[in-house]
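As a starting point, one isolated chain is supplied in structure tokens, in the form predicted on its own.
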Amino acid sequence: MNINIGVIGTGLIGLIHLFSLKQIKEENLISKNGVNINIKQIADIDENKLNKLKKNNPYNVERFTTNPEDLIYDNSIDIIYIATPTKFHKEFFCKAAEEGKNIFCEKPIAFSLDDIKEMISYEKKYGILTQTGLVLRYCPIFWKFKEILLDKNLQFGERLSFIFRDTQEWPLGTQTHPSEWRKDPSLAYAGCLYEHGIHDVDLLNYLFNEEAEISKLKAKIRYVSQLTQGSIEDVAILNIEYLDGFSGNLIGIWNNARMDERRFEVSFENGFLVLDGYTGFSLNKFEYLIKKKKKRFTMKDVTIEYLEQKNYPKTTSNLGPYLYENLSFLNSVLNEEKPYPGLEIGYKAHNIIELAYQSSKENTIINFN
């Protein structure tokens, strides 16, 4: 059985998906035997990028094109990855859905909640399978974070507060993010909260909403850097309160410090759970304290446990969560099961972010129904 894949967009995240798919193919990581993964077409409007990929063709791609519609209307393609600037997500999604393609759509999903609703309607109308790129749900560390919250719930006691800080170097013209499109609202829509913080808002939903829903939100959004003439936010501070009284701060920052890391600390009646210096591939500290009992975890041990629990194959890849989300998506398509996380989960995160912009603009507390 062949699975033919097309990828639209060859920026950083597009290349990560291409490398993940290459790894899955070469190491035969798909759970079903006799499945052959083919990266059939790649589309990008930047011909220079395509020519660089063509030169060595490390992914054994059959065709390169500067017109994404060539890929969308290719009847032989089963799955499309949309890894373009956010502006184009909805357009390509709806066209691909009409052609019956299963779709992996990167975050942010689209420019507006109405756009996402329309995408959900297309998904249902054409019976396609869709996964969104909310990759933190596939991080072994955050999986373990949630396992600890659930397993030690009684020992921790009542939830008190949290502090979650996400700091990223401005993703403009850097070695990691050489592109410039994120400074343009017509392509990116918004900044650190929308483009990057959507991961963090979604993670809070993943970790905390099973205990209680959000009840109140107060946000302060700032536009400090001259890189974008004040059109893209680089500071976002969200104070979030849940129905059980648990509350805390989510802080998102883009600045010129050469660091990309998250710090997450949750305080309880009887202790705390803390993750410090987490980059996605390394960390400084991950531990919990319950009264006088402390336990520390390593990245290696958590990853081994995660692979065993999720029944994922061991691999030489160092792409970690990106590989796991692609494995999950491809297996969902093969088994004709709803992929995770889907558009509805992404919509919830987008809704919170839009309410945060409203709160900051109006300098008001948002009360959730």
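We number the residues from 1 along the sequence you see. Every value quoted in this text rests on a predicted model; they were computed, and no experiment measured them.
The same protein also exists as the form predicted together with a small molecule; that form is not shown, yet it is the one meant from here on.
Of the candidates 123, 169, 195, 241, 195 is the one whose heavy atoms come within 4.5 Å of the small molecule in the model of the complex; the others do not. Between the small molecule and the residues 248, 271, 85, 140, the one pair within 4.5 Å by heavy atoms in the model of the complex involves 85. The small molecule in the model of the complex comes within 4.5 Å of a heavy atom belonging to residue 9. Though the partner is left out of this view, residue 90 does not reach within 4.5 Å of the small molecule in the model of the complex, counting heavy atoms only. Proximity of residue 322 to the small molecule in the model of the complex falls within the 4.5 Å heavy atom cutoff. Although the partner is absent from this view, residue 341 stays clear of the small molecule in the model of the complex, with no non-hydrogen atom inside 4.5 angstroms. Picking from 295-303, 249-257, 179-187, 159-167 the stretch near the small molecule in the model of the complex, with a 4.5 Å limit on heavy atoms, gives 179-187.
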